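The form predicted alone is given below as one chain in structure tokens.
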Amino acid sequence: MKRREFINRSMGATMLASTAPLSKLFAHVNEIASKSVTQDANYDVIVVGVGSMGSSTCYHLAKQGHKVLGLEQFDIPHELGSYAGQSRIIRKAYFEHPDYVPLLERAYQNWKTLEDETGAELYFKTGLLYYGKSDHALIKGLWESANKYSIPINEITSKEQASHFSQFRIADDYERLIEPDAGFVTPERAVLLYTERAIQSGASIHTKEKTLEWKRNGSTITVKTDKKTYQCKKLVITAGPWAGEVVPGLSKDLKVTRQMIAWVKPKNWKRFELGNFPCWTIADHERPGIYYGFPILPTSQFGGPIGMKLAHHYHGDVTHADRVNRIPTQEDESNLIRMLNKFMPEGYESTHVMKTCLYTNTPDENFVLDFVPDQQKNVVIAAGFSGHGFKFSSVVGEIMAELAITGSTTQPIGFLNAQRFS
């Protein structure tokens, strides 16, 4: 039976023993980044923000032989933005909008290319469970994308639920589905590897250097930082929750919110480990938004935090990227505990770690991948990822490089234009 064959195969997947510990990779990349700092002031392209989208953009530009400068105000990686947290779900049956699916197809290809180039394992095929009532946006949207693009989605029978996913307690009126080719990508490792490959291809990456302002004068763009002033022909802005500051004209359409992520200790640790437990999403009909989570990942390969990671995909309090309250509240924690007690009877014994990440939300929760208005196609921006962007970073970098160098892209991004909010 195909469904059972998939379950047995994906749950028993092994890891690459040759993958370097994250701490060593961090030290290595930041060492070579410090050595890549030059006295040059003129570049083909400057990339502001070397996080998930920015590191990928630097990689794609440098790989093509362009003279690139990446400016990052913090270390690489860091936990102050949107991408940190050990794991990020990747999936194709995209409930948010079916037009994302072609971009996801390319993203999967590009993740495989980076794995082949570096010998690292970044994408882990665990399968992704979907639980929710048939009229919920999660379920309706994933079926729309799956049917339009022939994405494999398998219904889980009651017998299979009891046999393979007994960690969950799911109401009879919920749909039970699994996307076999979904799983997770490791964000910090991906950012480090993209940065490393960019430097190896000739890019200069400056950390702990904050961009203060930029100005276009004809065909030249001047970028002033807290350390130096540079010139470039094209500017790419991938500044995450700081994008509204870097491009003030877009700030009214970019709302930053505070989001909490938790790592918990389950009552039965082994049943929730990678190899025994998939990624999952639950649309609780009694609460807005969607809950999601991951298997427990071995720290020897993935680093910390320790425990089973989960979060609530729903807009938190509006904040500013430089003034975030990063102290978890009792309400932050109790929201997640309540969900675990309801849907996973053995899923919670104690909370190990809680961390803050940031969403940069657009009014329609779709990205902005476009030229900055009124800049004659010399300034490109990737922003407003609304809490579901990291999986796309491998293709967003390619798109940013194409827009910056050729003025167009082969990828279908028309629905992500910057003018739609005007």
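Keep in mind that what you see is a predicted model, and the values were worked out from it rather than measured. All residue numbers refer to positions in the sequence shown, first residue = 1.
The same protein also has a form predicted together with a small molecule, omitted here; what follows describes it.
Put simply, of 342, 78, 227, 112 only one has a heavy atom within 4.5 Å of the small molecule in the model of the complex, and it is 78. Put simply, of 347, 127, 241, 295 only one has a heavy atom within 4.5 Å of the small molecule in the model of the complex, and it is 241. Contact annotation for the candidate site: 201, 377 and 400 all lie away from the small molecule in the model of the complex (no heavy atom within 4.5 Å).
The stretch among 156 to 164, 295 to 303, 115 to 123, 259 to 267 whose residues place heavy atoms within 4.5 Å of the small molecule in the model of the complex is 259 to 267. Contact between residue 179 and the small molecule in the model of the complex is not found at the 4.5 Å heavy atom cutoff.
Within this chain, residue 197 is remote from the site of the small molecule in the model of the complex, having no heavy atom within 4.5 Å. Using a 4.5 Å cutoff between non-hydrogen atoms, residue 394 does not count as a contact of the small molecule in the model of the complex. Contact between residue 50 and the small molecule in the model of the complex is found at the 4.5 Å heavy atom cutoff.
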